[in-house]
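Below you will find one chain, with nothing else, as structure tokens; this is the form predicted on its own, and questions on how it binds or moves follow later.
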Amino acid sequence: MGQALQGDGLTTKINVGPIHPSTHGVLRLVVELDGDEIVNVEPHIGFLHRGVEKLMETRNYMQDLPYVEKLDYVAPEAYSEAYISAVESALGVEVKERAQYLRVVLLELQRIASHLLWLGTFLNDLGHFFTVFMWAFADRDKILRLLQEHAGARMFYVNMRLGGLNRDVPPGFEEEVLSVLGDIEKRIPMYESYLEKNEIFMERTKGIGAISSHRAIELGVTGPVLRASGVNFDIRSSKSYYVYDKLNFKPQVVSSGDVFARYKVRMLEMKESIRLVREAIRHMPPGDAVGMPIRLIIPAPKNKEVRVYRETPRGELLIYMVAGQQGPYRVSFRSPSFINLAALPEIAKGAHYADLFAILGSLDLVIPDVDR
């Protein structure tokens, strides 16, 4: 992983990467060290650049759905919903009431699955917790089975449609969701007890890679990384969409700003997501949640500008779209992974080289979300 590069005589530069896609994606870091203390980290990106934003201009609105899901392969449901919401705003399409509740259910299930994958891979980065890695992936698999039952796929769902969903949930789906969430809810305290009583885990996370609330705001970090620094900001409450306000959503905030705080926020968010799904199912109205047929494209007002904000598992996603009649004239993404990666040099500065991957892992980066 590490290769010594030329330094200035007082410091040494270590080349870390490019890292294989099975870890955090194809990313290269040039780390400048004074002894084993990190002086600077210079991220090198672009290994996964596919020109997605430009490519989307050459397709119609519904043909672009598979592209956006692959920007964040850990939470494709979140990107699919955000994009279809932008198209609905451009075309003036209203989302059916039942579909609003079901979208919240699917989004929060995806958030739990994403956080469980993060937990397992993060602990694998630390190198001492393969058992918990297997536990987390087993619990995540239960969520993926639910999403597969609805959409027919485990990873890329393409199940959002204008005004609703591709199909309504099958009979008994709500009861199955509640059963799975009950199991996971019992497991979360087990994870916390196992890890927070482990001296190695606490030494590798407590006080490591801390960033203050003031600097977090200045650097524009977002999502769990921002809320772990004590900043109470979550798009689900500040720019509430669908029925989050009716479900009394509460952002999860921890103040210490270190690696441990970023872990803790995600554990709290899984508990809140479980509560939100239960509330959404309890208040789910009857009716139809199926959206418009995928072949039906309503001409959009030319050059209409649309901005959609969403809270994905990694943080705030902004989609800016200039509408064309049959497809986007221009579309741009402000992705949370890109913003959080840009803050890595400051967060890692002063830490030991051995702590670099604990810090990097705590940011929960998805590199296709950075490069596009």
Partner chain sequence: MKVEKEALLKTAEEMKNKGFSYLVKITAVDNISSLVVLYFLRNLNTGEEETLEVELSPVDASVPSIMHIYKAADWYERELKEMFGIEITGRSAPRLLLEKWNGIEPPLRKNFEWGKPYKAMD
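Numbering follows the first chain given and starts at 1. Owing to the predicted nature of the structure, the values given are computational and were not obtained by experimental measurement.
Beyond the structure shown, there is the form predicted in complex with its partner chain, which is absent from this document and is the topic of what follows.
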**OP:** Spell out, yes or no, whether the shortest heavy atom distance between residue 230 and its partner chain in the predicted bound form is within 4.5 Å.
**Re:** no
Original post:
in the predicted bound form, does residue 325 have a heavy atom within 4.5 Å of its partner chain?
Top reply: no
**OP:** State yes or no: in the predicted bound form, is some non-hydrogen atom of residue 330 no more than 4.5 angstroms from a non-hydrogen atom of its partner chain?
**Re:** yes
Original post:
With the cut-off set at 4.5 Å between non-hydrogen atoms, does residue 177 touch its partner chain in the predicted bound form?
Top reply: no
Original post:
Heavy atoms within 4.5 Å of its partner chain in the predicted bound form: which stretch among 262-270, 284-292, 95-103, 234-242?
Top reply: 234-242
Original post:
Should the three residues 58, 334 and 371 be counted as contacting its partner chain in the predicted bound form, with contact defined as a heavy atom within 4.5 Å for each?
Top reply: yes
Original post:
Which residues, if any, of 305-329 lie within 4.5 Å of its partner chain in the predicted bound form when only heavy atoms count?
Top reply: 305, 307, 309, 316, 318, 320, 322, 329
